[in-house]
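Before any questions on binding or motion, here is one chain by itself as structure tokens, the form predicted alone.
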């Protein structure tokens, strides 16, 4: 392996114990300057699970590979939280960044915008589903969600929002109000969160809500959730008359790769249309080919009023957007002075130039079609693993290159097994493969690899995964 540049096509090479000495020393240095709530997670995780959680410290990344400061080479099956969809440091994105660095790095947002911002907005609207054509840019998924929530309230005049259990939309106050991922994220801040948010069950086909039978049909699960939502919106004294927005992930990401039954999103669209409610899709994780469609909502042909995107959009830099229908975005009116929703780094030229390159790569390299085909093959292999080890792997979740193994402690009750996910993550990492747990119980082994991961790299991962799953299964 070159000490200067990774090819993005290499198999793992472990040179030292993981985490290596330089990684440990680096994290110790980090702990002196970083808030302990962030850095000290390694000690907390070890106390909870018995699995060491000292992180590896990244030095270089290219394609589907990451090299740490100790010289260990890994295959990344996380895409760094689904950001590196087209791969780490894609050459065309790097070239776009270098060119922009020599021209202008920062402009003045809504006052004096850069040409890079204007070019990017043209490109973004071009790839969005038809009908979504006006944007509010942001720096994170949370800021896109908050822009969408603001838009909904100026459009409807109603402060209420309905969102879903297991939904993760970010941790800024507005985004945290609609997030229902884990209680410890919210509890310290409950007094400062919006009191106008209602959470309802997501239609999980594997763990049905409302105490429904585990063998309930997808249609019954969908119907139960839609009926419950309609009762909240229409019932006497329910408070539903104040709800002006519904926020949902078309497939839950951090919540555990949870895919709703076919037809649920269409029914949710109907519910909103009948009541004049703004439908917001959070496609921050699922967007830009991750699920085998450019956007997950296209799988059912359902158009939201506002779509929030981010993560993979910036090619590794912070950039997000809330993209809406013109008639909804027009509710902001025209500015009579200073913009009432803006930021210093609105449409940062460097971010916009890199994002334009990302969109070019997605289309030129035809990643939508490739991810759909490769994702089907990957899911079939995972389903074969689940069939061989049914008492440990309950089901394979997700679509495209957004997949997860649902790990069980009890197959009869479908009780989650979070310790298994943590152990598999650690054992894969020690053999050169990076994966993450997900889900509200932490029992989903999540796979969201960069799109260009090779068959050889995936085979290497499967060899390790099979060995470790078999070892865990033998202890059941």
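Positions refer to the first chain, counted from 1. Please read these numbers as outputs of a predicted model, since none were measured by experiment.
Below: the form predicted together with a small molecule, not depicted.
- The partner is absent here, but in the predicted complex a heavy atom of 168, alone among 401, 264, 168, 202, sits within 4.5 Å of the small molecule.
- This chain appears without its partner; in the predicted complex, the one residue of 100, 78, 140, 224 with a heavy atom within 4.5 Å of the small molecule is 140.
- A residue is said to contact a partner when one of its heavy atoms sits within 4.5 Å of a partner heavy atom; residue 293 fails this definition for the small molecule in the predicted complex, lying far away.
- In the predicted complex, the small molecule sits within 4.5 Å of a heavy atom of residue 311.
- Interface residue remark: residue 249 is counted as part of the site for the small molecule in the predicted complex, having a heavy atom within 4.5 Å.
- Using a 4.5 Å cutoff between non-hydrogen atoms, residue 284 counts as a contact of the small molecule in the predicted complex.
- Between 156-164, 340-348, 184-192, 140-148, the stretch whose residues reach within 4.5 angstroms of the small molecule in the predicted complex through a non-hydrogen atom is 140-148.
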